Ligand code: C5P
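Read the single chain below, which is given as structure tokens and is the form predicted alone.
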Amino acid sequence: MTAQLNPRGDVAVLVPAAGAGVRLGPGRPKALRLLAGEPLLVHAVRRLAAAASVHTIVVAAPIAEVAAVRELLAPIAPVTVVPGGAERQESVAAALAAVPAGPDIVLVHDAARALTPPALVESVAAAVRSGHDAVIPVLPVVDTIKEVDADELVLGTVDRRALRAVQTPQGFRRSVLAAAHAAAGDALTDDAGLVEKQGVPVFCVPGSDHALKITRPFDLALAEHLLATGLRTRTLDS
């Protein structure tokens, strides 16, 4: 059954999904790798579509896979699919250009964070709606962090109390994200980084353990385990 997005919603979600995902090993583009029998992108879009404020979802797919991705996602939700670029930043810019008039809040979400709960989508959007121009979900850093030199010798121990691990979706006032991409020089893998370079304050909200990034085979196995132990129902209901 196809989910219906909210025609009165104020949120557009961009999903850059054109990356190769070499750390997952050889095969199809990362967003199309299978998790519990379905592509990561399907899992991600299903959860985005379950968020009540979402008006529009735009996926930037590998150029050779645009038609296939459009067909893949049609049963999930009414998604716009555009050709992505060689770099993530190019894919985000292409997806942003395809957002129709209306939504003033734009979220950027990695398809590799396929199990991100709808509640986190709503939390980020709510923080932008409350007046923040840029919002990122974060988790505290729990490991001890060492600074090392080029020879792998320890220079010191970093105070982790001031460190956060960043997740997606990252949320922005639409005009702020558009201005950041228009002024972009060096390619960055983090849209909040583009906004930071423009001097815009970035606000943090609590992230989710379920929004893990599936990058390595171990991450894929962990996500499979989470789904097998009942995350599917809990995530979609949250």
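These numbers were taken from a predicted model, which means no experiment stands behind them. Each residue number is its position in the shown sequence, starting from 1.
Below, we turn to the form predicted together with the ligand, even though it does not appear here.
Note that among 87 to 95, 121 to 129, 67 to 75, 152 to 160, the stretch whose heavy atoms approach the ligand to within 4.5 Å in the predicted bound form is 87 to 95. With a 4.5 Å cutoff on heavy atoms, Ala111 counts as touching the ligand in the predicted bound form. Taking non-hydrogen atoms only, Arg33 never approaches the ligand to within 4.5 angstroms in the predicted bound form.
Heavy atoms of Ala18 reach within 4.5 Å of the ligand in the predicted bound form, making it an interface residue.
In the predicted bound form, His55 stays away from the ligand, with no heavy atom inside 4.5 Å. None of Lys213, Arg28, Arg174, His181 but one reaches within 4.5 angstroms of the ligand in the predicted bound form through a heavy atom, and that residue is Lys213.
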